[in-house]
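First comes one chain, alone, set out as structure tokens in the form predicted on its own.
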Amino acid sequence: MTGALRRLSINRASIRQWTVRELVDACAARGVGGVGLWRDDVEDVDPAAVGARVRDAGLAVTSLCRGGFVTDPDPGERRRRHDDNRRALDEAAALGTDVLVLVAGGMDGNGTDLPGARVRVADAVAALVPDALARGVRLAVEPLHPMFCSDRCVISTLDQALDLVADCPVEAAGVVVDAYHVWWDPGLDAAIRRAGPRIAAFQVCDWVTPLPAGVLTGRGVMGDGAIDLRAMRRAVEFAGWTGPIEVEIFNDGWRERPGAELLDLMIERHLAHVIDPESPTQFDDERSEAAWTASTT
């Protein structure tokens, strides 16, 4: 299972009761290959030092979340957001990750011009491309489930995200395939095939109902819900994705449980419901190890 665990990454949103150091040490002890971090993880510390700490433990920072929120029609606010996104690119580069997740922003307080909001997102991403190229960090546009269109993200499908980055250099802009947000889409398989080298991140959890009030923090652990995660993994791999599989679970109830218990559960469910039990990865361990060694040096 070495290769399967080396490709596994744990997003810190899944175990918020732990510090970054605690998460890194626990992942390293279990052979997990990476962690996904958030900007508040490096808000008051040197991101380069955090990145070095992760690499010294033998792990990679697989993503930084998040930039974006660029739908406001006010020019002054758009300039402020552009500057903040440039800082986010700096933070990602200092951490040593080449993925900055972008969430577009919603419509709340921004009128009712949904097509215009989407145009503003495309313009904002294009404006960040030179900075992304200069820093060696990809802008990873993440489509969110349509229920978040009003307050968080006007980009709802993988095809919309792909259209948005189509004219950007592939090394500067890609997309996130987050199982929670895209599993319902009847055109998903074709969109994943279309995405190919545009895939910049692959995230997993499960969809369970009923959703809680506010809906944001109702994600389930893999195997508890409606998503065929193994089929989705096969689809992204067939499209060429050989990178990390990042577990990102927003669930308020998890904050009351011991971090070690949650980490062990995510590893167990990853192996049981994301990876083929009899063939842990379609890529042999040697290739997986080589890929991770390159990403952590």
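Each residue number is its position in the shown sequence, starting from 1. As the structure is a computational prediction, the values presented were derived from the model and not from experiment.
Below, we refer to the form predicted in complex with another copy of the chain, which is not included among the displayed structures.
Student: Tell me, out of 261, 56, 268, 228, which residue has a non-hydrogen atom within 4.5 angstroms of another copy of the chain in the predicted complex.
Tutor: Answer to the contact question: 228.
Student: Out of 133, 127, 190, 211, which one falls within 4.5 Å of another copy of the chain in the predicted complex, going by heavy atoms?
Tutor: If I apply the 4.5 Å criterion carefully, the residue I get is 211.
Student: Looking in the predicted complex, is another copy of the chain within 4.5 angstroms of a heavy atom from every one of 112, 149 and 183?
Tutor: Judged in the predicted complex, 112, 149 and 183 all sit within 4.5 Å of another copy of the chain.
Student: Under a 4.5 Å heavy atom criterion, is residue 117 part of the interface with another copy of the chain in the predicted complex?
Tutor: So residue 117 does not count as contacting another copy of the chain.
Student: Any of the heavy atoms of residue 78 lying within 4.5 Å of another copy of the chain in the predicted complex?
Tutor: Residue 78: no contact with another copy of the chain in the predicted complex.
Student: Hey, in the predicted complex, does residue 168 get a heavy atom within 4.5 angstroms of another copy of the chain?
Tutor: Outside the cut-off, so no.
Student: Any chance residue 162 has a heavy atom within 4.5 Å of another copy of the chain in the predicted complex?
Tutor: Result no; residue 162 lies far from another copy of the chain in the predicted complex.
Student: Using a 4.5 Å heavy atom cut-off, indicate which stretch of 135-143, 202-210, 69-77, 88-96 touches another copy of the chain in the predicted complex.
Tutor: Partner-contacting stretch among the options: 202-210.
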